[in-house]
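Before any questions on how it binds or moves, here is one chain, the form predicted on its own, in structure tokens.
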């Protein structure tokens, strides 16, 4: 019976990661139902891996992001930045990438791209910039910025909550490699893309005549939302000393609900801001992985890794960095993260190590960098492809990969050097 579970899980992971042609949520739900119906373990046991704290955090990020986006604040940032740069193509694109990175660190990568892509397309059209490359570059930097904080990406907060890591710990450890990678990426883009981002004088004049303040469509809601959102962020950063760890999801959802009530949203419209498809996908993948955990596959893989490494934990972070980066090209990042977390926990027990954090930083960086190569490797990239197509800009998966591969490769080299110098070469 366990072999049947393994086959179901493998087929499900292949289908949800194969391409953007298949709606991955119903496929994952179907696989989860089959595992529960025909599994060799009790149903309630399979439901244990679904972490409600992660669900609460996903809901909180979606609600806050949607409330802020409805006010037009993303559009204001983008247009004001373009005007501040006097319509200079290279500086405007740089500003858009920085905005994407910072917004992703605070509001998560998928939420940021959903609301930044339309205004990015508009600015690119006004300045006569190549739309598709600009969108791809924004996606690369959104993913990079999302890896900076606990709430920036599903990978980070699932990892952080699973291993009880605080917001400040993630930020403190990730800020150096993420900043360095981003700086190198910017230099490379300036060198190789600078000529294609030159803007004519006439187009510059168009952007200088724009009125960014007109982009704010709901000032009252924005003013009401700023204080509770700011307080929520502060509590999320420093709240572990007040409430203890493991309640980040509860804090974020509580802050989101308070923000919604202060902005006078009724409960039904507020809940409509949650992307329930993502929630159901996460829960289904957890059940699938729970089915694998119930047998010998994951412990067997952990034992193989232990024997192959000779019991030496020292080099495992580099192996996880490169291995997850490769897998992230082909496997959807939420599914890959849910699969890797219990495996890393088993490895930690087998290696008898007390500080598993270097492997966790490698996991976060590896999945982020590998996911930047594939157009369908992450929810954020998939949102980019869908929204670009809706605006009649179909982004080729091959071209996205061609642009992302050199950046990901260089990012991996930097991340590997950072891991080596900080944790291995002691």
Partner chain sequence: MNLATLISVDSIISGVEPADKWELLDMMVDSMSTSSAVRHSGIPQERILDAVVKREHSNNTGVGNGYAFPHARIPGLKGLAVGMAFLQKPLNYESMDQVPVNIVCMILAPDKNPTMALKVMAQVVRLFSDQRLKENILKVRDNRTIFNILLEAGASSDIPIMARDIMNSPLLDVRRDTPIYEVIQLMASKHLSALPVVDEHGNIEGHITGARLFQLGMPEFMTRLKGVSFICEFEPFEKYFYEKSNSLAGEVMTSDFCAMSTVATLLEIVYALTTRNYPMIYVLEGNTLVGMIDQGTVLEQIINF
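Positions refer to the first chain, counted from 1. Given the structure is predicted, the values throughout are model-derived calculations rather than measurements.
The next section is about a form of this same protein that is not shown, the form predicted together with the partner chain.
Novice: Would you classify residue 215 as touching the partner chain in the predicted complex, given a 4.5 Å non-hydrogen atom cut-off?
Specialist: Judged by the heavy-atom cut-off of 4.5 Å, residue 215 is in contact with the partner chain in the predicted complex.
Novice: Considering non-hydrogen atoms and a 4.5 Å limit, does the partner chain approach residue 195 in the predicted complex?
Specialist: Although the partner chain is absent here, residue 195 would stay clear of it in the predicted complex, with no heavy atoms inside 4.5 Å.
Novice: Check residue 200 for me: does it contact the partner chain in the predicted complex (non-hydrogen atoms, 4.5 angstroms)?
Specialist: No - in the predicted complex, heavy atoms of residue 200 and the partner chain never come within 4.5 Å of each other.
Novice: Should residue 387 be classed as touching the partner chain in the predicted complex when contacts are defined as heavy atoms within 4.5 Å?
Specialist: Although the partner chain is absent here, residue 387 would touch it in the predicted complex, with heavy atoms inside 4.5 Å.
Novice: Of these, 290, 89, 110, 72, which has a heavy atom no more than 4.5 Å from the partner chain in the predicted complex?
Specialist: It is 72.
Novice: Looking at 222, 278, 126, 327 here, can you tell me which has any non-hydrogen atom within 4.5 angstroms of the partner chain in the predicted complex?
Specialist: Filtering the options by heavy-atom distance leaves 126.
Novice: Just one of 395-403, 63-71, 374-382, 356-364 has residues with a heavy atom within 4.5 Å of the partner chain in the predicted complex, so point it out.
Specialist: Every other range fails; the passing one is 63-71.
Novice: Do any residues of 179-210 have a non-hydrogen atom within 4.5 angstroms of the partner chain in the predicted complex? If so, which ones, in sequence order?
Specialist: 206, 209, 210 sit within 4.5 Å of the partner.
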